[in-house]
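Look below for two forms of one protein chain, each set out as structure tokens: first structure 1, then structure 2.
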Structure 1
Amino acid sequence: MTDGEQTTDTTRQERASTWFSRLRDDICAAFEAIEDELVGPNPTSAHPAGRFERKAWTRDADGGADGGADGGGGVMSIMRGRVFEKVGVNVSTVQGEFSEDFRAQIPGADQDPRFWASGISLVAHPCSPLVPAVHMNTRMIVTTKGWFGGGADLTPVFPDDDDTDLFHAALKGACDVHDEAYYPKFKDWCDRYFFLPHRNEPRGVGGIFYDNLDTGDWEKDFAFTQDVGRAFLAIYPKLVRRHMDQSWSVDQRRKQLVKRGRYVEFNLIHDRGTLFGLKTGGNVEAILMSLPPMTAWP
């Protein structure tokens, strides 16, 4: 890599990590506005509107299981509110070296184990069983190669065809601007990825999932990744507002806690990101922020 390319890479890395933080700010503001608006007949309406709390963390320079020259860190934003029972939004920018175990699995890491990674990751578990849970994550990774990855998927307790259509249409819109082949490919990838084989059931109603995206045009790939974030921000608050003031029953709540158990099973048994993070000495609190606040296996 020449000095010229190094400079370009540094600028790109700054632009990407700045974008992830800005997206986080916009999402947090949108979710806090939703907290203010709740008026429905459910018990949580009597609670105060939630606000995000932020907590910064730094990557341990030597303590990680991957050893090597680690650095960087992140900020966890977590809100325990009256619409969002628990929502976590993590941004992080870290660098280090992959351990030998992982080098073979990571593009471009077999020659040189050093990596840089920045991203945003969000999981929302609403109070109401009628408001779908959601996950969104986008990231930029640099080894001797560089790529983007991410996606968003919806996990309702009681799937609503209109919600599903609106959510998919928003993501398809973000995809189609960049490449009409993206949506069908990334939708299928999502369906395959967010599936519980031991239950023989999907985690939710899908969305999109992509990884190793490197068309050779960084600007184009970055623009697409930004548009995935914007599409999420445009559509998910609408889905929340469609349902948050609807009355829900104790039985619906019970079903929500069981559905959340499936979410836990997926994340702890199958999710590559979760297991990868836990096994490479990642920030446990940030990684497991995705787990639901209350869950039942009755």
Structure 2
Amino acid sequence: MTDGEQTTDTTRQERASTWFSRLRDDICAAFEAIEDELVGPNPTSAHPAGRFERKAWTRDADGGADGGADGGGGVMSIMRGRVFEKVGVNVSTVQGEFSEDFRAQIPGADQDPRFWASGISLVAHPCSPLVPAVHMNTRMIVTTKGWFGGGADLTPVFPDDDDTDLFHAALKGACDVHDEAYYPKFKDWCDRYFFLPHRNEPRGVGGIFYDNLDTGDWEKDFAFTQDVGRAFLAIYPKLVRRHMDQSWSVDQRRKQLVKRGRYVEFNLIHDRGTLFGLKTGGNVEAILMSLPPMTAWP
């Protein structure tokens, strides 16, 4: 596909945005099933099972302060329950123009500021300190160029080697089907990206991260991006079920809140996705969905 064709291939754009919405539906159903299964013993066991609440949003007329010409919107899906203290699964499809000071940072936008972007973004903050928090997102972006990006990473309060191995094995399996070079490359990228330089520490135990994926074979890149989503859906509920019925202490909860503080620091200081959303006139609530409901600093 030539660069010029990227901006006019609406069929591919529709296929990608439809996939992201379908993945959202499957994840929400899986997480609601987990809410129904909790038996305890912990302080949230007697609470009612959570359910996702969806809220649609539309990109406002001028695309926000930095957005330029606008279009599109998205749907926020938020659940507060007894397993998941807060989990958000958001989808969006937007188009517009990048601001002058942002164009140089986006491939192809220096030639033409128009863009189209669609994706899914998920962050789960469990009630139990023994259940790892998780982040997953996949996206398709089109300027005069077109590419996929995304990944998934795990952030436990108390790292569990079996959890880490299972999570990485699932992502490696998704990668290896497409290219055995993907997993080591994207794992290293994740380790470098999800790192807090001001504290000199990783955010969690990693996963994979990729961006600007354009091999020249759109179908191949789209298939890989779908498999990343499927791998996440296959493994993370298993990790939640391994620990959600274990009892936990007040001290463990306190350490969880401090760990969440690190999560907030990364997302507000270093995360490129947060910057992209704010710079393109996205919905602020949806962009900051990743922030936990409660946190603490020592």
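Between two forms, the rigid core is defined as the largest C-alpha subset superposing within 1.5 Å. Please read all numbers here as calculations on a predicted model, not as lab measurements. Structure 1 provides the reference sequence; residues are numbered from 1 along it.
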{"property": "Pair member which, unlike the other, is the form predicted together with a further copy of the same chain", "result": "1"}
{"property": "Ser17 C-alpha moves between the two structures by 2 Å or more, core aligned", "result": "no"}
{"property": "Did Leu278 shift 2 Å or more between the two structures, C-alpha, core superposed", "result": "yes"}
